[in-house]
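Below, in structure tokens: the form predicted alone, a single chain.
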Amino acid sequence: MIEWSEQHKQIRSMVRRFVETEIVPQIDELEHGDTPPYEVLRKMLKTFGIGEMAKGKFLADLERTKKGEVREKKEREGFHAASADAMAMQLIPIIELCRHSPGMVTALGVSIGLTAGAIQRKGTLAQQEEFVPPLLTLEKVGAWAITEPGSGSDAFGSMKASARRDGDDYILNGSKTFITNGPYADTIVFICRLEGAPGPDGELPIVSFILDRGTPGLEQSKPLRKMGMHSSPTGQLFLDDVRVPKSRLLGESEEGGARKSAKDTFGSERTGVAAMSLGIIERCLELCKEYSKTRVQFGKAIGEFQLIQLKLAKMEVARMNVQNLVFRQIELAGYGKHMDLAEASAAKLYCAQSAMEVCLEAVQLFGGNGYMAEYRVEQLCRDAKVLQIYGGTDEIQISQIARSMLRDV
């Protein structure tokens, strides 16, 4: 894929119109007020049928699975345009939302992507049927809880949250932090260690549980104050002797598997950063081009100065490269493939760094105005920074890429 098709452009125009009509007018309240993003996101999903289409496809696949009609995955022959278009339709809303409010993408993606995806991959048929559909439509808000106050990048090695058997139930204890949607989540995938005999690797198994808002012993904090992504509520979770039945153990299996499921989730999260970065870069470039034409200093528009032209040229190079990585994802989908973890890490590393560099240059180009909230590049700069942190820091991406390369030597 080398460019957007006419159909893609039409969809993009419709989504852009929705964002500019429904979201931009209330952006200050979403970013700096106490308005959670979920109602306007639900309206967007309903307007374009995104949630219902995802729910319908999921239920149809689930019904086939129940009937034993599990189709063997076969390597596709040739390129399937419908699959590529489906991927494009997933990415276009991400790009368009990120032009104005990257935080809303994070809130939406964690709910319908990470949380629902984790249950789809590992859950029993009953668990999938109960919990996935309302997450896909955002009827219920989801949270995926792995990070702890003392863990950071060492999510598994430093994990202290635990589950222990108590008859037919489990007792959960521990705390999680930096949890997207944590303050408002209705459905939480809680990842912890299972007390008891160590596994074959000498480590306690990592398991996941599905928790409901309001479960006795579960406390969800108020939204945390943070540098950026203000339209994405982030909070802490505290579990004190939370009792749950085995039916809430994801997959109803103690054999672990949560570690692999988490890695799959990280891969999905990392590939999404490319589309997020593209939206941020596109908007910064638009704002900078307009400002360069209208801002006059020393008797002429600043766009006539070579140093400003250099900044704009580098931004355009970044936009082209990041867009090509988005196009690669769409092309891979057409062949029934996706980026492996190492390639997803490489894409995230490059795109997140590019978005941050473009935003910093945009603030510099705007000068004192760039430091003021009304010019918007300030918000995009704050929002872009976390792309280098969540889903694995830049340093973790480098390690993942290098380990993959050395394994191939």
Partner chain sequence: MKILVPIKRVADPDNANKVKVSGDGTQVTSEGLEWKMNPFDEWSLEAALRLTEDGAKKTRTGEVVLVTIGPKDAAQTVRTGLSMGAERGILVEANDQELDSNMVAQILKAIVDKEKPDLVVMGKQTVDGDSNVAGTVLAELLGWPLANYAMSLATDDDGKTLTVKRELDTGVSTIKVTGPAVITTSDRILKPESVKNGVTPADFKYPEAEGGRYASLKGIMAAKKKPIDEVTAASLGATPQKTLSYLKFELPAARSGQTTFVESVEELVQKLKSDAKVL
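Positions refer to the first chain, counted from 1. If you're wondering where the values come from, they're calculated on a predicted model, not measured in any experiment.
What comes next is about the form predicted together with the partner chain, which is not displayed.
Only one of D169, E195, D85, E219 comes within 4.5 Å of the partner chain in the predicted complex through a heavy atom, and that residue is D85. With the partner removed from view, the residue among A346, I50, L365, C381 that has a non-hydrogen atom within 4.5 Å of the partner chain in the predicted complex turns out to be I50.
Taking non-hydrogen atoms only, V386 never approaches the partner chain to within 4.5 angstroms in the predicted complex.
When contacts are judged by a 4.5 Å heavy atom cut-off, I11 counts as touching the partner chain in the predicted complex. Residue contact with the partner chain in the predicted complex: E3 places no heavy atom within 4.5 Å of it. The partner chain is not shown here, and in the predicted complex it never comes within 4.5 Å of any heavy atom of L332.
Per the 4.5 Å heavy atom criterion, the partner chain in the predicted complex is contacted by stretch 50-58, the sole one of 350-358, 369-377, 30-38, 50-58. Along 237-251, not one residue places a heavy atom within 4.5 Å of the partner chain in the predicted complex.
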